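Quick heads-up: it's one chain on its own, the form predicted alone, in structure tokens.
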Amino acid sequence: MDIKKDPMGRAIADYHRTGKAGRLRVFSPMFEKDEIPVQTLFRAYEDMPESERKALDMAKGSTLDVGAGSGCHSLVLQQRGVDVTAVDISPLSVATMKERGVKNVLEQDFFALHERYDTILMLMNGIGIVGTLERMPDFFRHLDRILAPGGQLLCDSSDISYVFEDEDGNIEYPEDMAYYGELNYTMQYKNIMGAAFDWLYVDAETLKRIAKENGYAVEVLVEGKHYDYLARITKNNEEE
């Protein structure tokens, strides 16, 4: 990734260096512009939501932290003695993680990895990198390659159907929408505008169905207050 088109990486690097950052703006054709509070990307274990704490507590064996950002999850696991590798496509995030003391960091696309891991973490809506439901079978085929026998994927996502709910509680989706959780985003930090990217919010029942079709089982571990959930994904017939 070109650092001139890496708004999140620049925001993370600025906050690490100075303890403050400007606005990290998020744009989508479906919503009003939003902001990501950069300090939340640096939160300590005790400040994390229940779903993230639960996932970190369940991590075992060789662990991959996908889209690791500032490395906050990797640092918790590293301090606990877990063999953790952080991966991110952002060169500025990777540099920041190294400066913060994360020992094993890869600047790489998740879908280009070849090593096997016992635990794969995709937190903070991390499974969103799949982008669309159409890509989910490819995602599970990639898990076949990099998830060790008996391994687990711990991921969180959200059911955003509430966005389309009217005052009477009825949900009506736009006619031209393939799946309501498929979004397109652009991020901006200061004068840095990133490239548009697809992002997936997948409801638990849809995730269960697609996982089953591809030989995996999904167990919902935590249901949050904001339509979010933590799921554990394992290969069928291998769940411990």
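These numbers come from a predicted model, not from an experiment. Start at 1 with the first residue shown and count on from there.
Same protein, other form: the form predicted in complex with a small molecule, not shown, and the subject of what follows.
Exactly one listed residue, out of V82, L143, L75, V87, brings a non-hydrogen atom to within 4.5 Å of the small molecule in the model of the complex: V87.
Checking L41, L183, V26, I192 against the small molecule in the model of the complex, a heavy atom within 4.5 Å turns up for just one residue: L41.
Although the small molecule is omitted here, in the model of the complex all of M8, L123 and I129 have a heavy atom within 4.5 Å of it. Proximity of E99 to the small molecule in the model of the complex falls outside the 4.5 Å heavy atom cutoff. Contact check for F110: a non-hydrogen atom falls within 4.5 Å of the small molecule in the model of the complex. Contact annotation for A68: at least one heavy atom lies within 4.5 Å of the small molecule in the model of the complex.
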